[in-house]
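Single chain ahead, written as structure tokens, the form predicted alone.
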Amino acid sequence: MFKTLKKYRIPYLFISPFFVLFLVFQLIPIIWTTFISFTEWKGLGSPVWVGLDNYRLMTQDYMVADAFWNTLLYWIAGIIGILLFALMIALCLNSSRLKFHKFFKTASFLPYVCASVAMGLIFGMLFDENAGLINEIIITFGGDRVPWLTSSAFSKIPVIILFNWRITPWFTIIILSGLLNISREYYEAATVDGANIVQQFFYITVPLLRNIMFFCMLTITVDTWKMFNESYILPGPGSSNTSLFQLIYQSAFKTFKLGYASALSVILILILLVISIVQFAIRRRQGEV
């Protein structure tokens, strides 16, 4: 077989498992989705070609605008919140002064292995306006009840907290692995030179974690823009909490507008592509890629 491949100069790449999986589960679905985005199709019968009608409809659909800005907010909050808390927790777990390392490492990772749907239901009870624990604590300290899930001004807060709380442990482990790979000799030499903890953090830890943090930023970007469970289980009034991925689901499997849902999927792919290219361009300009 390999002689035949060599004879006809067929690269081994095209028979590799990765290429087969990529072709079947990614490339072909993307091409099919792009085609369906130019049609009107309810899943049965033959798709009817409508050209750019689905894309024109998106410019007039207020739910698309709401979903886009909601997801953008979730992404910004995720980049800041997840990276910040993951770095802080990883630094604590990496500290030689911390006792019971194994216990705290296990405890910090538990939110990631918990079912997101179950956690969403628990958060729904915690943030309930009438009988939720959060409001009971606020009342205890003299505050008023907050309509967490019934007001568009507050409804995104539980979604952001749940998403950040659930995803942070995974990135904590990634950052912790980066910290463990930093030689202690750098810190010992800096200590001899008189550098304090803050200076060691900004001049040793941060520069040596740049590639790890860049990977985390890319992964958080993808995870946030395909957020579904959190916004679906903790819905606010109207489309105040709807994410772009959730809107794709609703268009495809609730109203059966598969052509419109495919057009939204194409837009989502383009958004992720543009964000990734911008992030790589920034890193390349900094000489890190």
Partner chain sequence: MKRMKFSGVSFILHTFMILVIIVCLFPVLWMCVISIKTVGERVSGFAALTVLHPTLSNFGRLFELIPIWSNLYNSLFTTILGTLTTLFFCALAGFAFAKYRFPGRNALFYFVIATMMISAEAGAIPLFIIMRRLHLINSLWSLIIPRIATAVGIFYLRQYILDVPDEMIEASRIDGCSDFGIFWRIVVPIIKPALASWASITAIVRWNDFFWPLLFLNKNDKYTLMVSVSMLPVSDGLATPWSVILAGTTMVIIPSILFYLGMQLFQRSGSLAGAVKG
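Residue numbers count along the first chain shown, from 1. These figures come from a predicted structure and were not determined experimentally.
The form predicted in complex with its partner chain is left out here; the points below concern that form.
- Contact between Trp49 and its partner chain in the predicted complex is not found at the 4.5 Å heavy atom cutoff.
- Residue contact check for Leu258: one or more of its heavy atoms lie within 4.5 Å of its partner chain in the predicted complex.
- Its partner chain in the predicted complex comes within 4.5 Å of a heavy atom belonging to Leu126.
- Contact check for Trp170: a heavy atom falls within 4.5 Å of its partner chain in the predicted complex.
- In the predicted complex, every residue of the candidate spot (Phe109, Tyr112 and Leu218) has a heavy atom lying within 4.5 Å of its partner chain.
- Among the residues Ser231, Thr224, Asn70, Ser262, the one placing a heavy atom within 4.5 Å of its partner chain in the predicted complex is Ser262.
- Of the candidate stretches 72 to 80, 182 to 190, 126 to 134, 202 to 210, only 126 to 134 has residues with heavy atoms within 4.5 Å of its partner chain in the predicted complex.
- Residues Met88, Ile89, Cys92, Leu93, Ser95, Arg97, Leu98, Lys99, Lys102, Phe103 are the ones in 88 to 103 with at least one heavy atom within 4.5 Å of its partner chain in the predicted complex, listed in sequence order.
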